[in-house]
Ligand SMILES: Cc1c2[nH]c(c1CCC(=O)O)Cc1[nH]c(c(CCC(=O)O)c1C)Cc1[nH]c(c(CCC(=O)O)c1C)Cc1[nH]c(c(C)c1CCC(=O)O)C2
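As structure tokens, one chain now follows by itself in the form predicted on its own.
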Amino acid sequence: MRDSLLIKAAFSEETPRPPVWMMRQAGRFMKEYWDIKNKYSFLEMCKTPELAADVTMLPVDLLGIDGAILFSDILVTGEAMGGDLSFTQGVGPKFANPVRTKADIDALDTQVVHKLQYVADAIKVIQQRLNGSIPLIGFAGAPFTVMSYLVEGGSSKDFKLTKLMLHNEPEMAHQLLSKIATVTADYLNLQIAAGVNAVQIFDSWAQALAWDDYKEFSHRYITEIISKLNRKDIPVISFCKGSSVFAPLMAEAKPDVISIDWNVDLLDIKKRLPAGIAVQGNLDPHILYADKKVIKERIYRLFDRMKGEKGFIFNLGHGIMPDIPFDNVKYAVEIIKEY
């Protein structure tokens, strides 16, 4: 795997073309995903190794991407710590027992990696099926993002309760974040031991934070997690919505790759980062709704911009939306591979 396009690009080595994979590349935009989803609940799919492998393999078989990403969810760590997690169609994730008081935080368990063994089992099944063809990316949610779901009790538009805890009860917030960070490092190391070839940390809601709050309540814990990883030959990718602003700070946590949202010119931001840090991104996923000629033009524009740069992995600035036409995604991958 060390010689695969994805791993070489992640380590800023030369590749004949940029590798491509996409966040949420196995998901609701695929009919084949619904064939599975209509029979099982989302958590059943995550927790049944054979099913998680079936879903992980969909984009490998149907799109021909250069990296598979484990089918799971960022909130499995919160559940393992004691969160009562459920997923409802059209509503998204809910924690029935939100974490709002010191007693709630004290009650969360950190010795929980054994409860996530189903993820390690899924990784082993997936790697058998991939059979050395392309790398498998493992992942986890960043502490601030997982905290926001635990505190709000689910998705949120404004993160009001989470930010109130950061601002009014910073010691409590740090206690909670520290616990999540401990679990997250253990969880990523579990995935590495099980055989993933790379890992990505998703801080999906970091853009809700002011610079100082990001530094204190997110960056600090991502730095701690990355420092604890058994990362020999395993590239670490750091992603957040807001990376167009936070990337120079994210680099200080020493990831191998920073995954960039679509609000910034990718070459400009790469030139502002230390040598040896690769970039991943950063096509606006909404482009994939557009006409094929637009998709081609925008992908070519990005590739022309990044020409000759080592350390470039093609991805989107965030995940594929559920109603993007499958044919457009397939077309995009074909365009990238023939560029």
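Everything numeric here is computed off the predicted structure, so don't read it as measured data. Each residue number is its position in the shown sequence, starting from 1.
What follows is about the form predicted together with the ligand, which we do not show.
Colleague: Would the site accept the ligand without a clash, i.e. open, or is it blocked, meaning 3 or more of its atoms lie within 2.4 Å of backbone or C-beta after superposition from the pose in the model of the complex?
Modeller: Open: no clashes with backbone or C-beta.
Colleague: So which of 198-206, 180-188, 257-265, 223-231 is the stretch with heavy atoms within 4.5 Å of the ligand in the model of the complex?
Modeller: That would be stretch 198-206.
Colleague: I have 27, 33 and 92 flagged as a candidate spot, so tell me whether each of them has a non-hydrogen atom within 4.5 Å of the ligand in the model of the complex.
Modeller: Judged in the model of the complex, 27, 33 and 92 all sit within 4.5 Å of the ligand.
Colleague: Spell out, yes or no, whether the shortest heavy atom distance between residue 247 and the ligand in the model of the complex is within 4.5 Å.
Modeller: Contact with the ligand, no.
Colleague: Find out whether any non-hydrogen atom of residue 37 is located within 4.5 angstroms of the ligand in the model of the complex, and reply yes or no.
Modeller: Within the cut-off, so yes.
Colleague: May I ask you to state whether residue 152 is within 4.5 Å of the ligand in the model of the complex, using heavy atom distances?
Modeller: No, residue 152 stays farther than 4.5 Å from the ligand in the model of the complex.
Colleague: Taking heavy atoms only, is residue 289 within 4.5 angstroms of the ligand in the model of the complex?
Modeller: Flag for residue 289 set to no.
Colleague: Identify, from the list 218, 162, 72, 77, the residue with a heavy atom within 4.5 Å of the ligand in the model of the complex.
Modeller: The option sitting close enough to the partner is 72.
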